[in-house]
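We begin with a single chain expressed as structure tokens, specifically the form predicted alone.
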Amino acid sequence: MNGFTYHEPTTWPAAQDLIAREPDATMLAGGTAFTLLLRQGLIRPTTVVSLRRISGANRILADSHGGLWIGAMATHSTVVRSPEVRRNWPEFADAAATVATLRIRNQATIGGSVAHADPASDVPVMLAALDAQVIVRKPNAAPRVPIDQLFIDTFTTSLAPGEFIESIQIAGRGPNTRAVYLKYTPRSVDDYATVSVAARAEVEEGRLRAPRIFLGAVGGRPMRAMSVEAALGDGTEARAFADAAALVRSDIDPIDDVRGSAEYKREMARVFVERALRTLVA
């Protein structure tokens, strides 16, 4: 294992200055993915910039409209236990609680999970369904990027060299907003998903309006079920859910792997999309 220079800045500007001086530096959040990749020899960093000592980077705040501001260094366990998250978006806390084991959740960060861009991860799929915005630190700017535009492909984001995630924002919900995250793991509950589904919609008198549906582990990034959303339209009744869910097969691009064949994943996607829709109106 090669040695590397290690830095622990205590402010965002200090971290940005380090990255400007060391454009090839590797950013370190919780370190769960970093450690695995390093041990496997898949990365050979010469400079590592850890964000773990940045003041306030792990805070979770709620605004007056029920929206959330989640610091990039907030761990999954912090999200699960957060009174602000539980009060405003408990479905997001529930999704974070499905990640791996307690030991991993205590270490892995939300920002690190998003930046790592593993298409089988749980949190990015749920954040996409919730239409979250990512605050990106870059020289002289901190733009908001819709999270589904951040993901490009497996382990690939739109972040340019010198850019990194500062926080994630989720807007407040309406009085009829519902959301759900479902994860299918045939081997063990702490495994990566064979298929996962996150869905959000407005629910009025048993009808779905403005659905937003994403799936994980069935493509190189969280895959949006555009055909399903289009078929549902605005004000769809539960009797139409099965036909709409069947269209998800054309929205995803799974591959054969140890968790199932591509065809098996397509069928499980259909089953779990329909289950998610029925959960929303239950």
Partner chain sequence: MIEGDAATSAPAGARTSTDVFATPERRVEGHGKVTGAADFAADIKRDGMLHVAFVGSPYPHALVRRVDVSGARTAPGVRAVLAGADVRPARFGRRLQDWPVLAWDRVRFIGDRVAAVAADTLEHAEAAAALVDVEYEEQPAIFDAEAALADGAPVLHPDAADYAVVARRGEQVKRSPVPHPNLQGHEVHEHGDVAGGFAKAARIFEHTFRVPPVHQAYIEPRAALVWIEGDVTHVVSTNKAPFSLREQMAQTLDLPAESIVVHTPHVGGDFGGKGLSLDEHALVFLARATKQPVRSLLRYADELQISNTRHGAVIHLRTGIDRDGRITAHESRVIFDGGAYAAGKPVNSLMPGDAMLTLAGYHVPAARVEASAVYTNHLPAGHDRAPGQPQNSFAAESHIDLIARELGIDPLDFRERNAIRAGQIDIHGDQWHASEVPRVLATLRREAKWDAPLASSHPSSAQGRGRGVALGVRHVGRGKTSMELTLGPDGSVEVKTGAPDQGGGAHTMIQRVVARELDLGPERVRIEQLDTATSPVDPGVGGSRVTPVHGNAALDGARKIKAALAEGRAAPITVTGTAEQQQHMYGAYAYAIEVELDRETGAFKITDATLVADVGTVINPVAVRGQLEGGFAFGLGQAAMEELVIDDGRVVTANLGDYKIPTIGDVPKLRLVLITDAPGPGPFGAKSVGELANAAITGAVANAVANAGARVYSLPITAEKVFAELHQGHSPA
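Positions refer to the first chain, counted from 1. Keep in mind it's a predicted model, so treat the numbers as computed, not measured.
Another form, the form predicted in complex with the partner chain, is not on view; read the next lines as being about it.
The stretch in contact with the partner chain in the model of the complex, judged by heavy atoms within 4.5 Å, is 182-190, chosen from 76-84, 182-190, 197-205, 118-126. With a 4.5 Å cutoff on heavy atoms, Pro9 does not count as touching the partner chain in the model of the complex; it lies far away.
When contacts are judged by a 4.5 Å heavy atom cut-off, Glu22 does not count as touching the partner chain in the model of the complex. Taking non-hydrogen atoms only, Ala14 never approaches the partner chain to within 4.5 angstroms in the model of the complex. Proximity of Arg39 to the partner chain in the model of the complex: non-hydrogen atoms within 4.5 Å are present. Residues Val258, Arg259, Gly260, Ser261, Glu263, Tyr264, Glu267, Met268, Val271, Phe272, Arg275 of 249-282 are found to place at least one heavy atom within 4.5 Å of the partner chain in the model of the complex.
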